[in-house]
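Listed next as structure tokens is one chain, alone, in the form predicted alone.
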Amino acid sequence: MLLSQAGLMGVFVATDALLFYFFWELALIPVYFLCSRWGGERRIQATFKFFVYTFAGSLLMLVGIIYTYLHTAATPVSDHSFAMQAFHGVLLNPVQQNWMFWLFFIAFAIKMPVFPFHTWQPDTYEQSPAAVTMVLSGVMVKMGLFGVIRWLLPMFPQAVMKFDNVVIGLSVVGIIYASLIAIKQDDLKRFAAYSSIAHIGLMCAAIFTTKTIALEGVMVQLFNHGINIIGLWIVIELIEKQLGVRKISQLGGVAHRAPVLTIMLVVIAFANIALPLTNAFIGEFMMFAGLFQFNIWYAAFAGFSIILAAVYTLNMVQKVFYGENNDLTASMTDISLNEKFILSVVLVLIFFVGVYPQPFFEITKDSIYFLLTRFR
């Protein structure tokens, strides 16, 4: 995991396109081995699918990086190099920008993932060990969103404005599709995977509106989604560790045996559906506001996911934690002190950001201003 951590840190701090690509690949290597060695029964198939998707996307991005590098030019502020300043100042005609846009975007879309590049995620999440899944969903999927913000938008603003409706349309379709699939899931891991796809889709759509309020919402939501989804994964792992199952249909009445775990899960569930005073509310409100400014119909269709999120989340809570005990859940015990502490940290962050998100806006406002100057 240290190798993966080094790769992730490199991706988020790299100011050189070649280094960015190197760390992009480095972050994925441990996932391949950890999942294929300690994953579930279908770990080999899931890992192979994950590898094919990510490797194909990475090759497309590498082609884009090399082509863009060949068209960088020496200026008073940058050299002919792979440096971020050179890439942001690259001069490409509209046709070239269009091709480069798709080479980079497909790589980032696979990593997020957004519809229709999402099919690797549910299988990988289901078969990966809990720790790997937390890294994948809490941090690694943010690599795609970060890549769009840091590299794609500043490099190809004309192509972004040309294809914004296409990307937002795909994202909105993915939000509704993933939400509907989540309602029917019986496996807690696949439930969390489709829930994550829906939330990431909303962030992707908000980015391509290029509206200030939407990008501010995305910035805070990148942090919030990581907190909420990791909290959900911790609860799923605690249930599976005790009972040996994660099928929703096999559970029920957990609240009778583990009231503290239930209370904490309910708070995380409320954050997952963006209830006011929880961290996700402010981010989703701002993203929907930006989407509304861009196109009212996109906002209306995407807004339908608010209802669907409440349906699939509360349905899961009711079936797993409430109702009567069965023979399996009767043996459930409440969580230990250290597990209570870990989940308490998650809950504190949920309420802190929900009540006082201003520090996040202060941190990101200059970056958003610089980014949006490319579209004015």
Partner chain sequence: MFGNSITIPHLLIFIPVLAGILTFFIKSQSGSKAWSLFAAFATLGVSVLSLVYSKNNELNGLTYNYEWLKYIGASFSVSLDGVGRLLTLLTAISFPVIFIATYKNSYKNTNVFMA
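Residue numbers count along the first chain shown, from 1. The structure presented is a predicted model; accordingly, all values stated were derived computationally and were not measured.
Not on display, but discussed next: the form predicted in complex with the partner chain.
No residue in the set 176, 189 and 309 has a non-hydrogen atom no more than 4.5 Å from the partner chain in the model of the complex. Although the partner is absent here, residue 373 is not a contact residue: none of its heavy atoms lies within 4.5 angstroms of the partner chain in the model of the complex. In the model of the complex, the partner chain sits within 4.5 Å of a heavy atom belonging to residue 13. Taking non-hydrogen atoms only, residue 237 approaches the partner chain to within 4.5 angstroms in the model of the complex. Using a 4.5 angstroms limit between non-hydrogen atoms, residue 358 is distant from the partner chain in the model of the complex. Put simply, of 139, 106, 90, 170 only one has a heavy atom within 4.5 Å of the partner chain in the model of the complex, and it is 139.
A heavy atom within 4.5 Å of the partner chain in the model of the complex is found for exactly one of 197, 302, 265, 227: 227. Contact annotation: the partner chain lies within 4.5 Å of heavy atoms from the stretch 131 to 139 in the model of the complex, the single such stretch among 284 to 292, 199 to 207, 257 to 265, 131 to 139. Of all the residues from 81 to 118, those having a non-hydrogen atom no more than 4.5 Å from the partner chain in the model of the complex are 81, 82, 83.
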